[in-house]
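Next comes just one chain, in structure tokens: the form predicted on its own.
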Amino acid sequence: MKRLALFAVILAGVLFAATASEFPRLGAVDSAPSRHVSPAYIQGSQPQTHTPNFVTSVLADYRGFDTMFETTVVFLAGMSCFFILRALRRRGVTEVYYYRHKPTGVVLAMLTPRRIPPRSSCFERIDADWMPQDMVVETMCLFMVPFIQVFALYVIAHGHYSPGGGFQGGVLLAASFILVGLSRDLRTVESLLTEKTAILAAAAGVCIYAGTGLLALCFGGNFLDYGAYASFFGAAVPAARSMGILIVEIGVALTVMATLVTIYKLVSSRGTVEEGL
């Protein structure tokens, strides 16, 4: 199997190298995309899609199908990582849990965590390779988290007017959770966004995107024809298209954020989602 995969990679590399010389130079003004495709998008974006940002009009309108399936690929990538990396608890194997007594710093190793309440004021669960966190780094990281999340929401909400959108906003939201994990521990991230919730959120993002397209059919439009929502929102077509794109961007952001956080948990904990960076 590995030899077959290696052969496929080498074959793809050879084909790419053989055809790369025929590609137009990056930014070449005399290439076909620069002479025909790009001007059509730039000049037709505003009158055809009523979207000021023609990058967003390309992503969410002209090629809305493509972006929907890109979002689906992101979700499937996360699920693939889950099924490949997730390590289930093995029966008969005794696990050791480490707890630190905050006033004295004494560390206890226990075979069952039930003897200590999850939110004990005297004990905190720590990783097996726990090291004291720098208070300045931890405080500053946690201080930055709400600002990152507010900026992420701005990027999502303003994606159809300025550079941004669901992919970028989702990455920023995921970065805020990862920053919490790096400054505290993985269990804190798990308490904020559980594994089950993250998977459901990732699936919900895809459903929101596809559902937005299907709902347009119910209002007499085409799939992902955001202008069909004008009667539903009681607004003009440009405003309805903006609302439709915003809903789609929210779906993309949910999938990207939840998928990245899920992958981070799996990779950092070697699939256990118990402890790690």
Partner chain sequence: MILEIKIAMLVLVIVCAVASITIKDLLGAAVVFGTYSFMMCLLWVSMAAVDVAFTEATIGAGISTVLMIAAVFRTTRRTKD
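Numbering follows the first chain given and starts at 1. Bear in mind the structure is a predicted one, so any value in this text is a computation, not a measurement.
As for the form predicted together with the partner chain, it is not shown, yet the points below apply to it.
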Looking at the partner-bound form in the predicted complex, is Cys207 within 4.5 Å of the partner chain by any heavy atom? no
Answer yes if any heavy atom of Gln168 is within 4.5 Å of a heavy atom of the partner chain in the predicted complex; otherwise answer no. yes
Considering non-hydrogen atoms and a 4.5 Å limit, does the partner chain approach Val155 in the predicted complex? yes
Contact between Leu277 and the partner chain in the predicted complex at 4.5 Å, heavy atoms? yes
In the predicted complex, which of the listed residues (Ile199, Met110, Ile178, Cys141) lies with a heavy atom within 4.5 Å of the partner chain? Ile178
Quick one: from Tyr99, Phe151, Trp130, Phe82, grab the residue that has a heavy atom within 4.5 Å of the partner chain in the predicted complex. Phe151
Based on heavy atom distances of 4.5 Å or less, which listed stretch (133 to 141, 155 to 163, 99 to 107, 189 to 197) is in contact with the partner chain in the predicted complex? 155 to 163
Across 263 to 277, which residues bring a heavy atom to within 4.5 Å of the partner chain in the predicted complex? Ile263, Tyr264, Val267, Ser268, Ser269, Arg270, Glu275, Gly276, Leu277
